[in-house]
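Before any questions on how it binds or moves, here is one chain, the form predicted alone, in structure tokens.
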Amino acid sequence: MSAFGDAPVGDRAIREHVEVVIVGSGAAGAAAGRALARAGARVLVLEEGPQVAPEGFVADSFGAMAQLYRDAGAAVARGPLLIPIIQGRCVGGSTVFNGAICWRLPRDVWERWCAADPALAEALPFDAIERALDEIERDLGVAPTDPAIAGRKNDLMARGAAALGLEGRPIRRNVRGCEGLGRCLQGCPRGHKRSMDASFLPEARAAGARLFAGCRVDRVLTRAGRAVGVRGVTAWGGRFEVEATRAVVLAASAVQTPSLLRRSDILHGPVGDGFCAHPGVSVGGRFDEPVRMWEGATQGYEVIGLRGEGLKFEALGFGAEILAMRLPGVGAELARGVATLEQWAEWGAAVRAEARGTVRPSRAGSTVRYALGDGDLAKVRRGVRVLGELLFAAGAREVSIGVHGWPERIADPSALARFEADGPRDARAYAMAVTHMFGTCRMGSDPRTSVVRPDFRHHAVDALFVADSSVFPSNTGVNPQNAILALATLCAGRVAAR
């Protein structure tokens, strides 16, 4: 397949007629496409970014961002603090370069959704979600990280968790034959990660679906209150239009889907409101021994003992060039740090924040506005403290918390408790990033407070479905990839039943 998938290359106009058109080829689009193609529907999946083969993935982190990430990794949520938003723009979406972390939708999260809207319990029974996940995990080879390829950074986090008495475990990952190359965030060059470009999308095509890459959808087309197709522009400047006789399925993410709806003048309900996420912070630690955090399973161990507080901790693994940027100091001090680069580990905390923001289309694409509240910042401070304590418990000699106004290097573990109590209440003091986003087209039974029905159908436009994490009523507190796959599979079942 070329960089444009099955799409005809050239600047001439493209017109296609299918039963179902799916916008987006990440977790949601791939799962919906596979399920619908297997059900016998004539399916076309549209992806804005390129198709990149494993041998084409570049090794350096910045090159990977330019190749695979939306806006080369420079997209941000705007507020008191500019928070980078990490999203894919390639065939397979963010599954191509995420850490391969697999979580089921926690039952307590589903129960909170159903308590707020009992109609969800009937439309999305938990056992149906679990059955979908059983199949997904089997097909993706989901299993705990193999100790043989975990790498030192993951072993050290396990040591720190045991020393502190915090529950932890090897991360369950969607990989087969992983060699511990540490390249998940740049795309696996051996194709061992079962990302959507290497799994569900080829399976969808084998069942008859087609995939057009390099096709940016600008508008959902409607006629007499019904979605009838989409139109947009190709990477080589041609226009395209796709007519869909059965359904239009949006699977473009919690940022791009609401922007597309608004650009299409489909403004029913709180579309683009309710943006929620898992902002993440990280702390580095220097050990006496070599760690070489860029080797081994990219993310192979997690600490889950504080999930009830809205915190989950993960070992991180990224290129040496990114780690060097994280080291404290400048000039000669930074040079000394780089000389000890292999001794540093970086671990992160995902925060289940309560903040809600907005997404709106803009000339540059989408504008996200998002501001953490006082309670969220309290979780951030606790997350930084626990990360530092985990590193010290694992044997680190010093930690770098990277918070403005606090020492760049901390060698006394007791300083971390003081940080949690007295650390900055201003978000601008922190460095964070967002990788999981939800809630901007949330599902519900009340059309005044939701965008789609509990069966994924749009409240106001017939034959229009939303399959991605924008339908989630809240964030989940855990990595959402497999929950997205499961709900998108259920969405496809509703489309197929029409």
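Remember, predicted model here, so these are calculated numbers, not experimental data. Throughout, we count residues from 1 along the sequence that is shown.
This next part talks about the form predicted together with a small molecule, which is not shown.
Residues placing heavy atoms within 4.5 Å of the small molecule in the predicted complex fall in a single listed stretch, namely 84 to 92, out of 241 to 249, 105 to 113, 328 to 336, 84 to 92.
Site residues 24, 46 and 217 are all in contact with the small molecule in the predicted complex, judged by any heavy atom within 4.5 Å. Checking 99, 402, 310, 168 for any heavy atom within 4.5 Å of the small molecule in the predicted complex turns up a single hit: 99. In the predicted complex, the small molecule lies within 4.5 Å of some heavy atom of residue 481. In the predicted complex, residue 436 approaches the small molecule with a heavy atom inside 4.5 Å. Although the partner is absent here, residue 32 lies well away from the small molecule in the predicted complex, with no heavy atom inside 4.5 Å. Put simply, residue 466 is far from the small molecule in the predicted complex: not one heavy atom of it is within 4.5 Å.
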